[in-house]
Structures are given as C-alpha cells and as structure tokens.
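In the form predicted on its own, a lone chain appears below as structure tokens.
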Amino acid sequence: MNPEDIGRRKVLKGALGTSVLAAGVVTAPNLLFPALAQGERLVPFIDEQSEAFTWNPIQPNSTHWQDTRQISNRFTDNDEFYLVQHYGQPEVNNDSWRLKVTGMVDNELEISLSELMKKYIFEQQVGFECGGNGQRLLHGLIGNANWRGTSLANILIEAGIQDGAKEVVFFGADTAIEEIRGREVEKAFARSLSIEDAMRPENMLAFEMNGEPLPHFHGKPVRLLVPGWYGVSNVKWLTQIHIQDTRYMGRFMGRDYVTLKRTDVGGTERWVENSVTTMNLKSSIVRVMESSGQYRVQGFVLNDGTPLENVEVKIDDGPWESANMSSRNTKYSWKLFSYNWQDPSPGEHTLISRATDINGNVQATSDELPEKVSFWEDFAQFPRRVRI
C-alpha cells in the first residue's frame, strides 16, 4: 500500500465532505455521533421494538444489522456496516477476477482489477439501507461509508452503448440453484438499471471502503454503488455488465424486492407491484443522551439525495421543533441531526422525528402510507418512548 493510501485511512474518520443541504436547514458545525463522554449516559428506549431487539456479531453468510443506539462515528466501521446476501458469499480471487462488459456495445470489454484501478477514480460518501430495513430492527440494516472506485459511466462510454439499448444488467459472482416452474436452474444475483439511470455520474464501481480494499463480505474485489438507491441495487462481487434491449425480469427485479401496495390508478383502486429502487425520505431517532440533567436527541435521515428543507422533532403532543443538522452531511451520506431537549418532565415521553425535502415532501406517518402486503420500504415516522 502506497503512502497516499495509508494517509487516506487516517483521515477518513475526520471531517470529509461539505454540506449540500438547502439553505433553510439549521446546521451545527461539529455535530457528530461521538462515543459517550465522561458522565454522559444513554437513556434507554422503552418502546416495544427496543425491548424485543436482539443483536448478533457478524457471522459468515448471515444477515447482520447494527445497533443504531450505539452509533459512535460518522462512518460505519466495515465490520458494523449491515450485511444481506441471498446466494452466500462467494470466494473471488483478485488476480484472476475480470469484469466483462457485453451485449449491445460497440466494444466488448474484459477488465482486470489492476486495469480498473487505473481508470478515472473518485471518492464519495454514501449511506444506504436495505429495502427491508424497518422499525422491528431499529433501522439497523444501514451504514454510511467513504467509497473509492471507478466511474460506471466512463466504462459504459468506453464500451459504446448501441442505439436501441434499454437496460444495463449487473451480475454478481454469487449464484444458487433455484426451482422455477418445476425446473432447477442456476441463477446469479443480478439487478438492472435503465440506460439513463446507469449513466448517472455518481454511480461507481467501488473497490475500496473506508480506506481499505473492499472486504470480502461487502463484495470484493468490486461492487456496484448506486447512490440514493436501496442497498439491493448495489450488486456485490460484480463480474459482468450486460446491455440489452429488453427489460431484465430476474428474481430480484420482478419477484423479490417488490413492494405490493394498494394505490389509486387513474381513479381506480388497484394493487400495484413496484421494484424496490430509490430510497424514500426517512428519518429516525436512534439515541437519547443525558449529562448533568441536559438531554440530547440524535438521529439520522436517508433519502434519494434530494436536498432537505428541515428535520423536526416533536415531544408528546407538543409542537414540531427544528433539529440541528451536521454541516458535514453530504448529498448521499446519511444526514445526522441533533435536538436539545429542554427540561423534560419526569415520566414517560414519546419522541418522533420527521424530515421534509426542498420539494415539499414530508416524511409520512404510518397511517398516511398506502396499505402494503410486503415489509419492503418501511419509511414511516418512528415514535420512540423513553422514561425520564
């Protein structure tokens, strides 16, 4: 590892990035989620989700979620960043790995890792969550990291997308045998993007996470990163990019990670299915801290990258009051916020946060969300309860 890489590791936990929030958002220059200071304590939540919550250390080929009540840094450690995989965690040799670009292109490509790392490289902070993240896990299927990698758009430009192409399909090295209509077939994990979505300049083929080579369980040596989209879109162990003129309807586009909800379609109420794609506007309170009788409420916001107008906190039946946002929040990172809770009275209290973006979209309550069958896309306001 060269000195530049070593230095990068040292600074990633510091103040990276600049604010891209709307001017109306109140910011606090040094707001972070620090470890508890001397004399500071966490006030335990007493809501049903917290009492039923369990946490397990990371294990191979298993789902892992972090305890959001214990967030202590702007960047999620690689060992704490959430994990979901559906076809195991394949072993991939960095030296023999090749990325193929095939299909409706002028020049099919086959790129080694060393060649990929010599192309246009950039870094960005990106936070995201699983499409199945929710209140039952205290929104623990989440993470925020600094990523380094290659521009996807540049690779597609180099290959030359042909006229008539409609979708770009991303295949991982993780495969499994599935029974489909009575026949067993081998399927690779895959997701697709439209040509327009794939050409977004922020899309990345990431090979580094928080200053370290991409860990095995996060998709080494290369994973797709689609900022502003749910984690299922960020295909791990990437091996092939295929451009085609038809829609890709694999399991994780057409059958799984599909939200079934009742909605109005041109004046007729229908049950509609949609693939999980861009993240919905969500905020969540994750911890309450007390020191010498002073209380602070902290939380995060995730969305598709649309700038925020404000984040507000409400205590019991009181008014909505503005929270402070960290000036270090970036467009696609999680957005950390803090609220000073003045002189809470003894007893039980309910705390809720909500986020509003510059387009006037307000985080919905559970009652305002459409009726759903699946648990995908749980982005409703999350009431938390504490006892003072």
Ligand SMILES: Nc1nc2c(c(=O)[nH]1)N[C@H]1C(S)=C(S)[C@@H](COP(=O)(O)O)O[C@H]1N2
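Residue positions are given as counts along the sequence shown, with the first one as 1. Quick caveat: nothing in here was measured; it's all calculated off a predicted structure.
One more form of this protein exists, namely the form predicted together with the ligand; it is left out here, but the text below deals with it.
Does N146 make contact with the ligand in the predicted bound form, using a 4.5 Å heavy atom cut-off? Judged by the heavy-atom cut-off of 4.5 Å, N146 is well away from the ligand in the predicted bound form.
Given that the partner is absent here, does H218 sit within 4.5 Å of the ligand in the predicted bound form, heavy atoms only? Judged by the heavy-atom cut-off of 4.5 Å, H218 is in contact with the ligand in the predicted bound form.
Even though the ligand is not shown here, does N234 get within 4.5 Å of it in the predicted bound form, heavy atoms only? Flag for N234 set to yes.
Does any heavy atom of V84 come within 4.5 Å of a heavy atom of the ligand in the predicted bound form? Yes, contact at 4.5 Å.
What stretch, of 310-318, 108-116, 125-133, 295-303, brings heavy atoms to within 4.5 Å of the ligand in the predicted bound form? Stretch with heavy atoms near the partner: 125-133.
Here the chain is shown alone; which of R74, R223, H139, R287 has a heavy atom within 4.5 Å of the ligand in the predicted bound form? Looking at the other structure, the residue within range turns out to be R223.
Position in contact with the ligand when the complex is considered in the predicted bound form, options E158, D174, E208, D197, heavy atoms within 4.5 Å: The option sitting close enough to the partner is D174.
Considering only 177-199, what residues come within 4.5 Å of the ligand in the predicted bound form, judged by heavy atoms? Only a single residue, F189, comes within 4.5 Å of the partner.
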